[in-house]
Ligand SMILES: C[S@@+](CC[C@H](N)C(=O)[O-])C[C@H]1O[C@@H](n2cnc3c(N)ncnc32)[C@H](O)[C@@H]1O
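In the block that follows, a single chain appears as structure tokens, in the form predicted alone.
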Amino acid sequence: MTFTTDSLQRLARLRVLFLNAHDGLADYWDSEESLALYDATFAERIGWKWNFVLNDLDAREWTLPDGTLVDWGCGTGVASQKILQSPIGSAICNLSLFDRSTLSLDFASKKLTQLFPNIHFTQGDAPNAETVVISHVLNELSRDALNALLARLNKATAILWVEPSLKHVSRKLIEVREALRERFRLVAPCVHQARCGMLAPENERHWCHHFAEPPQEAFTQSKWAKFSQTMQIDLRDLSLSYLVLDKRPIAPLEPRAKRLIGNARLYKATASLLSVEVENGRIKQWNTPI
């Protein structure tokens, strides 16, 4: 992709909207051209985050339940695309796309139909779908809209949800976790089924986030160099918050297992790490020699 002055201005406007997203934000898609630009840049970076989550689930030998998958708030369909390209999505044959924007629905339907001609695609919420996929929507949902979504999610068997790693968004995702954990089993990134340790008063300054690794093309293609320079985005920072839930039984982790949260903080002779423990769900900060 070659960027023009107009395309860069379109991307810059979208970035301002994303950075200032708020509850009840109006539909911002104005053309198929804007969607195509987004799909080749911002959405592709979101796809790299989804690769991280899907690889994590594959390593745990977790698979999607049989039946229909709905991509709720699909945008350009990048979440569905990555799932269908992954081992855990190999058995999907029915996928429904849902979004408030008819422009994005048409764009995602056209793109995914071309990429996956053997999949049956429909448009709509598909309230009885076994799997619900959600990506980058929390900032744009009012409290009433979020409550309605949570009620709707109770009908699902599995939920895969990815968000940016902003502290206030991660904290909202923890609220989602707490609202649903009595009816679902926590698959990832959680290593326990108890109340989230981040909610303890001493952990108020922390939030649950992780870092995906960008592909090599992010540092070798001129497209990404131009994008990074214009948008003032550090391509090395590919942080995310995510949540995966399942009503089916899941294999327990080793009792002494730990899950690293965020990145290690490096000092002169030591590294400081934050982790959550399987045994008691406690958040622990500890230091180790470098």
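The numbering used is simple: start at 1 and walk along the sequence shown. What you are looking at is a predicted structure, and each value in this text was computed from that prediction instead of being measured.
Here the subject shifts to the form predicted together with this ligand, a form of this protein not shown in this document.
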| Partner proximity in the model of the complex: A156 to this ligand, non-hydrogen atom cutoff 4.5 Å | no
| said: Would you classify H210 as touching this ligand in the model of the complex, given a 4.5 Å non-hydrogen atom cut-off? | reply: no
| query | For F98, is any heavy atom within 4.5 Å of this ligand in the model of the complex, or not? | reply | yes
| request: Answer yes if any heavy atom of S104 is within 4.5 Å of a heavy atom of this ligand in the model of the complex; otherwise answer no. | output: yes
| field | 4.5 Å heavy atom contact with this ligand in the model of the complex for all of W29, Y38 and I46 | value | yes
| this ligand isn't shown here, but in the model of the complex which of V132, C74, L173, I83 has a heavy atom within 4.5 Å of it? | C74
| message | Only one of I88, M198, L141, V169 gets a heavy atom within 4.5 Å of this ligand in the model of the complex. Which one? | response | L141
| field | Contact segment among 173-181, 114-122, 75-83, 212-220, judged by heavy atoms lying within 4.5 Å of this ligand in the model of the complex | value | 75-83
